[in-house]
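Single chain ahead, written as structure tokens, the form predicted alone.
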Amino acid sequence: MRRAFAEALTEAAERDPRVIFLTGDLGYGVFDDFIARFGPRYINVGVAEAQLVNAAAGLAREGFRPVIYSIASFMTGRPFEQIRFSVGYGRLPVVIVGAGGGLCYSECGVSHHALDDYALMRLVPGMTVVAPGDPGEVRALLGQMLQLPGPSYIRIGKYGEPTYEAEAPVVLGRARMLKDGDRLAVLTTGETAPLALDALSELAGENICPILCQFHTLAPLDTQALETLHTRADTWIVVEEAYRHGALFSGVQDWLYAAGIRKRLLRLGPNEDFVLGNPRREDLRRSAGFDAPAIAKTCRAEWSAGKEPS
């Protein structure tokens, strides 16, 4: 994803001279092409996230389209006050990029874990919150975010993430149907989409065919997609690499409550607790029960049970 982001950023800067990139002393080697081609539009503010946000706000007020970049936990938690007031209050068109979101930097310890970034950014009025699942969605969504009149946040991974294909186009604010099916729906966001695709590939041999819908935009949430899923599946399984409060599960839950809809709604994702030590991301996903085998196991059980909404 990081390489796809760097390429998409460079292409955007080629098209629009207002695009300017600011980093918090990160991304060495990743943005060499951007620096070589657009040197004056590259600013490294150092390890100073609050200043990073304030500088971007000032540039946005002068007509630029700033893109600011740091590790997701540092980019959202440390300068949250500046994001709220300097960017959010003025509805300024700043693109905020959180690299290595979720448990991507699991082995670096709690300071680098970003399981609350979606929740923090969704708290800012007018903030568009984007959670791509593969490099293709990163490329498609960044350009659309740069056309928004207000602020936006995107969480990206590192390198080597799998890509996937789907007939549905990548449109900001619109969920993507990755796999058609019936009876059961799996709702993913961010990098949980490839996990669910692996699970559904395993289940296909057992004639278990859930719907798979990727919500790459968390705010605004695609409620039209939820209405469609309501008519086609009685059980929904939300898979997310974030705390349950403020991410996809809570958004779906709020919509169901407001719409007065009863639905069997399950969640697979991290527990709401600090992760101590330096475990691998794969081990954390397995122990918390939201890796591909866990998704397949849950789908298998729900498909067999055929439970009514409760």
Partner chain sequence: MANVSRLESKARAIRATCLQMAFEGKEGHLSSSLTSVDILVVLYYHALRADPSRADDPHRDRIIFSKGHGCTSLYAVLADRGYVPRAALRDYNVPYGPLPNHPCEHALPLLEMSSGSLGHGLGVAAGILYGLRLKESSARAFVVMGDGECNEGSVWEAAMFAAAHHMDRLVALVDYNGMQAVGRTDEIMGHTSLAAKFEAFGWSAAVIDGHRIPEIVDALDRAPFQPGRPTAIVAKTCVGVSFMENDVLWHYRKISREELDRALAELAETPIHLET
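Values in this document were obtained by computation on a predicted structure and should not be read as measured data. Positions refer to the first chain, counted from 1.
A second form of this protein, the form predicted in complex with its partner chain, is not displayed here; the remarks below concern that form.
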Heavy atom within 4.5 Å of its partner chain in the predicted complex: which of Ser86, Thr235, Thr128, Ser73 fits that? Just give me the one. Ser86
None of His245, Arg37, Arg280, Arg61 but one has a heavy atom within 4.5 Å of its partner chain in the predicted complex; the exception is Arg61
Quick check for you: of 281 to 289, 237 to 245, 46 to 54, 263 to 271, which stretch puts a non-hydrogen atom within 4.5 Å of its partner chain in the predicted complex? 46 to 54
Quick one: does Gln144 come within 4.5 Å of its partner chain in the predicted complex, counting heavy atoms only? no
With a 4.5 Å heavy atom cut-off, would you call Thr228 a contact of its partner chain in the predicted complex? no
So, Trp255 and its partner chain: in the predicted complex, are they within 4.5 Å at any heavy atom pair? no
Can you tell me whether Gly90 touches its partner chain? I mean in the predicted complex, with a 4.5 angstroms heavy atom cut-off. yes
Heavy atom within 4.5 Å of its partner chain in the predicted complex: which residues of 6 to 20 qualify? Ile20
